[in-house]
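Given as structure tokens, the chain that follows is alone and in the form predicted alone.
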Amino acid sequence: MLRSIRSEALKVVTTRAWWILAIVLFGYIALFAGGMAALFGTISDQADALGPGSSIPPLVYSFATSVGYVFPLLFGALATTTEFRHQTLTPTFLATPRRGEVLGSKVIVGAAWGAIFGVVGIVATVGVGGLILALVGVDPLLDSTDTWALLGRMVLAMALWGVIGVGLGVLVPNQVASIVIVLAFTQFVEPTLRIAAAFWEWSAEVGRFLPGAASDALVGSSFFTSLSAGGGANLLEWWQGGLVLAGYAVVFIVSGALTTWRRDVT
């Protein structure tokens, strides 16, 4: 198993995809967090503008997950579908005939790199967003244990998104289709569903279990949730959000393992 994990990690570090995604993630989150930190720090009535019980630093820091979760999701999908596309899965299975072991290694590496993306996002959002908050006179709360707990949960959320990406890549091995699904769902389908769900009480209850909403619940803060759900009042508890997000990961992995992963590879 350790040899298989080392092999999967080597496949990642010898390609450009992971560090290109990391650089784009850093720039994207830094721009988002910096701009929002400047806006939040200069508006006159922060609490009313962001919803009851809102705290500006956690909202700024959580941009790393509420906006950046698409990056570990894409990475996980690419890490698997690339093997199907370039047919490198054939020598992989010849070297390690136990397919469950190969899949388990991919899950572990996907989680590890998802956590790395989480750290990159935190460096961007805390480094840039926190600095701008301090410059505009808002306490960045970096001496608070609650803030560090939030950052730890953000890393966990990004790791889970990496696993979900691996599961999606196994379930939908066509690389183009996987990328389209990721981008369409994260940028259009789920945001639309979450906004629509907020209009009725019954649908809001269902909307709490969407993967993005579960991720926001695990982290404990989200700008989008604060706007659409009255300061996050309709979110699950953080541990419930973590279980729901982990449940999505398990469903994707198991579904893929029982279908496409068992097929013959040429």
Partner chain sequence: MTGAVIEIQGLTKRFGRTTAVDDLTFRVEPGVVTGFLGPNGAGKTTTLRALLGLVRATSGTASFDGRSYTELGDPLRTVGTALEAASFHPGRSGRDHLRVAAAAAGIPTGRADEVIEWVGLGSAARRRVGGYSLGMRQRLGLAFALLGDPGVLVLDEPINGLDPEGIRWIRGFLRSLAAEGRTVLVSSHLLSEVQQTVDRVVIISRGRLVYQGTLDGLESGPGRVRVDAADRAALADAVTAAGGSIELAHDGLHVSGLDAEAVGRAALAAGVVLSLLVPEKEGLEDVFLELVGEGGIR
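Numbering follows the first chain given and starts at 1. These numbers were taken from a predicted model, which means no experiment stands behind them.
Just so it is clear, the following notes concern the form predicted in complex with its partner chain, a form of the same protein that is not shown.
Of the heavy atoms in T15, some are within 4.5 Å of its partner chain in the model of the complex. Its partner chain in the model of the complex is not approached by T192, whose heavy atoms all lie more than 4.5 angstroms from it. Residue contact with its partner chain in the model of the complex: A196 places no heavy atom within 4.5 Å of it. Among heavy atoms of A184, none comes within 4.5 Å of its partner chain in the model of the complex. Residues placing heavy atoms within 4.5 Å of its partner chain in the model of the complex fall in a single listed stretch, namely 87 to 95, out of 87 to 95, 122 to 130, 69 to 77, 164 to 172.
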